[in-house]
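First, one chain by itself: the form predicted alone, in structure tokens.
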Amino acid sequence: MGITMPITKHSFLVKTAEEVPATIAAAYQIATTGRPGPVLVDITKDAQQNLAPFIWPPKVELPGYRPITKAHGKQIQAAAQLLLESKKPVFYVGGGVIRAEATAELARLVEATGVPVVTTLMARGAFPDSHPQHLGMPGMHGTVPAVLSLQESDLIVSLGARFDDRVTGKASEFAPNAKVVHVDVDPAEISKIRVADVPIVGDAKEVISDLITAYADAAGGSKLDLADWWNYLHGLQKEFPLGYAEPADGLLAPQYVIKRIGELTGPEAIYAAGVGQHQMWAAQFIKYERPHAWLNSGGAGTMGYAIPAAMGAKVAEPERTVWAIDGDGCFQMTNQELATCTINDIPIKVAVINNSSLGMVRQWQTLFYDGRHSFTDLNTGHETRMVPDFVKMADAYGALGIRVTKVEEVDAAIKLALETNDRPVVIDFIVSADAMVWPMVPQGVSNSFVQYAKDHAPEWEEE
């Protein structure tokens, strides 16, 4: 139990059979209330073997555990007042909004205020990508409008986000002119990295609902004048559209492959991604219109996450199409679960974005280590010697294996996968190892470092 304490919300050690029902109930309550998190229940062997009367519902006693869901009214009013006084506000939306099932409330708040929105990697789908007020994903690989909207704002309303280093860049230089309203159910997150001018502890669903009312009362029917702010942001959207360059080596562009998966499958599907370049491309080039369409390990950086997450999603919602978008490195960490998929009739679709390398590490080695590709080049997509051969592996596991090497094969392979629902499908897309994730704010520098993006603009502008 001791070894799990730093990585769980709470850990229990159960020594008697009589303790089991109450402990399981307590674990569930802790895991699902407040800020959700994993709870370990370690049940000793003798407790598992012994008998005890089954009592349910048990009495749950959790002294000291009182998660706050309702925020203080004065803090809500202060946040509404800052919104009314701002000229360059932005809603910085994190995964907490999805956890709180607060996306409908978020949409109402955004529509009422006219304020631009950015959604983090964990919040993709919390606000529709198609909405004109959505600027995209912020962060190291975020869109230029999203990154600079935060950096140059005068008010950041953070909803269920934690100001992690991928979003802030160099924290001491992040959004220097912005006041901060920080809403989070976990008081430990508030002012941890960026001091909040208005700290609000509470459940995002309740806080946003209260903020809508407070803003309407304070505004008295008037609208925020954000014309200059939107003119600037629209200029950024026009100058820096999200795009990519065709690879010079003649291999597939991974961005194109992922974009077509999203376009041919649609927003009602579920997309799970591993960690690395394919993760960022999946976050960038698939359009998310609803919550829970995007599954991702975020800051945990869990390679091998995509297939187990896709399996869980398919079992939970079998009527939906579920894609695991994986890299050739990530795929080799959990691909043995294809056996579980075949045996238990879990027909997920797996897109292996196979650049024959550990792509994100290779990108950093190219950019920051003079191209010394140490232990990142693999043979998974090698033309003459594929180790392993993912198509043969898929066949061995009872899945449908497909290999795609030409652009004219992409759509047909995706459509075949979508039509195949009696077994798992693995598509091995052989893509260029030289493709990189752009834009990119290098680690440890300010988000104002836009010259780097401008220098690389031709590589990610639309053709």
Ligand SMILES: Cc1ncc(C[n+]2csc(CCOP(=O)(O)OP(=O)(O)O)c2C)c(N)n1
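Owing to the predicted nature of the structure, the values given are computational and were not obtained by experimental measurement. For every residue, the number given is its place in the sequence shown, counted from 1.
Beyond what is shown, the protein has a form predicted in complex with the named molecule; the following relates to that form.
The named molecule is not shown here, and in the model of the complex it never comes within 4.5 Å of any heavy atom of residue 75. At least one heavy atom of residue 358 is located within 4.5 Å of the named molecule in the model of the complex. Using a 4.5 angstroms limit between non-hydrogen atoms, residue 301 touches the named molecule in the model of the complex.
Among residues of the shown chain, residue 160 is not one whose heavy atoms approach the named molecule to within 4.5 Å in the model of the complex. Residues with any non-hydrogen atom within 4.5 angstroms of the named molecule in the model of the complex fall in just one of 359 to 367, 218 to 226, 76 to 84, 262 to 270: 359 to 367. Note on the partner interface in the model of the complex: the residue among 333, 140, 178, 201 having a heavy atom within 4.5 angstroms of the named molecule is 333. Site annotation in the model of the complex: the residue of 145, 276, 169, 89 reaching within 4.5 Å of the named molecule with a heavy atom is 276.
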